[in-house]
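Let's start with one chain on its own, the form predicted alone, as structure tokens.
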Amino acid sequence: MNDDVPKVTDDLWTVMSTATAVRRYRAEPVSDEVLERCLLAASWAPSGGNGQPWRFVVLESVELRSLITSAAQKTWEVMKDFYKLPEVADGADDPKSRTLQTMAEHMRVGGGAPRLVLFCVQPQRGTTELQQAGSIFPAVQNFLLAARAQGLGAAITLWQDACAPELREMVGIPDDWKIATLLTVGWPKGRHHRVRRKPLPGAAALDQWGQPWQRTQ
């Protein structure tokens, strides 16, 4: 694939305002060409000193997928216990029940998602963990936006935490690299919809922490 900017189906504002986390996928495969556009977009992200201290690992093997599935299911059990999540009644259709059903399905399927991409970062000397994140999560966001622009859905997970030693060994991740996150990717079941966020004055301020942002001109 060349470095030409790939054609997308929506303008940037539409893509950003509808790039929700998508956790339910159709069985339809995601081609290497489509995935490569997302990886290319990730590689265009900014990083500290333009060091590009990242590695994007596409997980395909049966062994790796099985490991991720086990980790996802283990994570779900931990989450249910920690957050005291209720069992969802059959046929329940309220928003909370639908969310729990989607989360449960996502983690039950685990490594069976159409595509899995691991994002890793090599810490730069003298940087804090938060500063290190600034050199990998812009790449994650670029990937997510490129996925949405092509009609894909994706979700950030932390399942790798439940299998980190085995995953590092199987993938061959060097000791001086950190795993930032694992993305699941696929063609969504259902439609994309607008993100639900608090009104801007609740997120932005002007000069003072307690002074909500408002346009002055």
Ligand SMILES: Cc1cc2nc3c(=O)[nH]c(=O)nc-3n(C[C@H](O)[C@H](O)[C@H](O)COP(=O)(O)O)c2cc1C
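Given the structure is predicted, the values throughout are model-derived calculations rather than measurements. When you see a residue number, it is the position in the sequence shown, counting from 1.
Another form, the form predicted together with this ligand, is not on view; read the next lines as being about it.
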Checklist entry - So in the model of the complex, does any heavy atom of Q150 sit within 4.5 Å of this ligand? => result no
Item to check | L158 within 4.5 Å of this ligand in the model of the complex, heavy atoms | outcome: yes
Next on the checklist: My question is simply whether T14 lines the interface with this ligand in the model of the complex - judged by any non-hydrogen atom within 4.5 Å.
Outcome noted: no
Checklist entry - Does any heavy atom of A203 come within 4.5 Å of a heavy atom of this ligand in the model of the complex? => result no
Item to check | Segment that reaches this ligand in the model of the complex - one of 150-158, 170-178, 30-38, 51-59, heavy atoms within 4.5 Å | outcome: 150-158
Item to check | Site test, L64, R115 and C163 vs this ligand in the model of the complex, non-hydrogen atom cutoff 4.5 Å | outcome: no
Checklist outcome for this item: When this ligand is considered in the model of the complex, the residues of 20-45 having a heavy atom within 4.5 Å of it are T20, A21, R23
